[in-house]
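Taking the form predicted alone, here's one chain by itself in structure tokens.
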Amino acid sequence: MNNNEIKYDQVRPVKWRDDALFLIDQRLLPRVHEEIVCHDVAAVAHAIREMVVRGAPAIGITAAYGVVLAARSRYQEAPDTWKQDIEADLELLANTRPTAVNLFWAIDQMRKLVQSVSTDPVKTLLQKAQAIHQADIKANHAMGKLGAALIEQPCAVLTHCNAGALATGGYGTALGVIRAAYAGKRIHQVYADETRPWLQGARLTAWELLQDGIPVTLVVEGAAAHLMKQGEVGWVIVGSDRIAANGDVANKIGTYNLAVTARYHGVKVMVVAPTTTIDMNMAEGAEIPIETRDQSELLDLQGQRIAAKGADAWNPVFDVTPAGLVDAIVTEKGVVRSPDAEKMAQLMAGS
């Protein structure tokens, strides 16, 4: 890792220490930087469900550590039946968030290892969870370099939600590209959508870029078209929670809007995600389950009602951007330009 990579790589949202899992509580940022300590799988599941931790790769990593905690408890309680008993814990984790495929991938990886161990499983499972964690960080650095190389002329970029260190094991997917491109002087300005209703752009992306000394300018989602019209933005760079076999991309609600707007203004769209986010069992984006959360997230703000009394709200958390609106999907295994089913299959066959 070179000096620039170290300089722009200061945030770690998930940490294992003292035989417990420590998670930055992302609901409190940027006002308070506080960690939640998880000693059992129920606490881990609650943290994922309640958005203490979010972002597909980070959710998967957190779930892997949750399996370690579950195995420790189950083995201590019933060493003869723990493999059967832990299935309830795996199901608990799987039911926390329906859209992020990394969650199910990580649980499956841990489940396979559960079935293969014959003694106290904690050390073996912990090593696997840590390997998943470190592999994600390594993949993010690889994607950062590949994505930065696509930015041929120095320009401004626009990102949406938070696909940075806080959404991954570290460094980030979309923000990993932005970090690498900023270090290489390929980006001179970063714009970030506020990202309503959870304001991940305003609270999280802005916070973590500033931790690394990268200046960022916030815009409301409704300003994106006007911003692109100015001719300064060269790329929209986002992450993904699930990518279908044909290259359709599920990401934070509002991504589809950006892609449509970008196409009209001649701005390119880059999706950055590890191959664990690609779900070859989903033929197209229409098959991806879209999580809908409680309407209070739109009607209230920090516990105070802001909408007119009696109004209802529709609160889908993700939308699907058709592959035809994506210029490049960047993974740790390589770049897919103008993605389609054939190109995605070739990528995954080589991985």
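A quick note: this is a predicted structure, and the numbers were derived from the prediction, not measured. Residue numbers run from 1 along the displayed sequence.
Heads up, the form predicted together with a small molecule isn't pictured, but that's what we're talking about next.
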The small molecule isn't shown here, but in the predicted bound form which of L325, I36, V320, M51 has a heavy atom within 4.5 Å of it? M51
For the small molecule in the predicted bound form, the stretch among 161-169, 178-186, 216-224, 71-79 with residues bearing a heavy atom within 4.5 Å is 161-169
Does at least one non-hydrogen atom of K128 fall within 4.5 angstroms of the small molecule in the predicted bound form? no
Just to confirm, D193 within 4.5 Å of the small molecule in the predicted bound form by heavy atoms? no
Evaluate A63 for contact with the small molecule in the predicted bound form, applying a 4.5 angstroms cut-off between non-hydrogen atoms, and reply yes or no. no
Quick one: does V67 come within 4.5 Å of the small molecule in the predicted bound form, counting heavy atoms only? no
